[in-house]
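In the form predicted on its own, a lone chain appears below as structure tokens.
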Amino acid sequence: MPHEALVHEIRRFNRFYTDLIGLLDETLMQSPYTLAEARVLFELGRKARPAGGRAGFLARMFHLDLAPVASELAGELHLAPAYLLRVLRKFTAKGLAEIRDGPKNGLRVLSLTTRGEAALVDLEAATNRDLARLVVKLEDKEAAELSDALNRATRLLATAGM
């Protein structure tokens, strides 16, 4: 298959899948979060992020202590740092994330609060429910076939991306 045709097929599948799961809707999985916000919530839930040393009152007031975290995380998520900084400000304002003393050397970290962790659990549960509804009607053989296809696509694209 020519690469141009393969690109067309991948894009066709992407459009089909994003429409199927409502990925381009204003919010993800009927949650209060956009896709980008959900990705940030997941990443903060996965691991705390270094936030540097102690920030002064004005730096905290204007959320300047979030800028180093936003810059690093933006690179990982391929988001604009300014946009990510707005998301982090929103999360801290809503009590979903906070900068606190880390476990080592007095370094501060940005991590989810208990409220943020609960929001992440709710979001992941909703995502799992929605995806389960997609596959519930598949027979065992079809489910295994889909799993094999997803694993094969992941392996092939990971190898090609190296």
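Bear in mind that the values here come from a model prediction, so they are computed numbers and not experimental data. Rigid core (definition): largest C-alpha set, two forms, superposition within 1.5 Å. Residue numbers here begin at 1 and follow the sequence given.
Beyond the structure shown, there is the form predicted in complex with a further copy of the same chain, which is absent from this document and is the topic of what follows.
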| query | finding |
| --- | --- |
| In the model of the complex, R100 touching a further copy of the same chain (heavy atom, 4.5 Å) | no |
| Contact of E117 with a further copy of the same chain in the model of the complex (heavy atom, 4.5 Å) | no |
| Exercise: T34 in contact with a further copy of the same chain in the model of the complex, heavy atom 4.5 Å | no |
| Touches a further copy of the same chain in the model of the complex: K47 (any heavy atom, 4.5 Å) | no |
| Core-aligned CA displacement of H8 at least 2 Å between this form and the one not shown | yes |
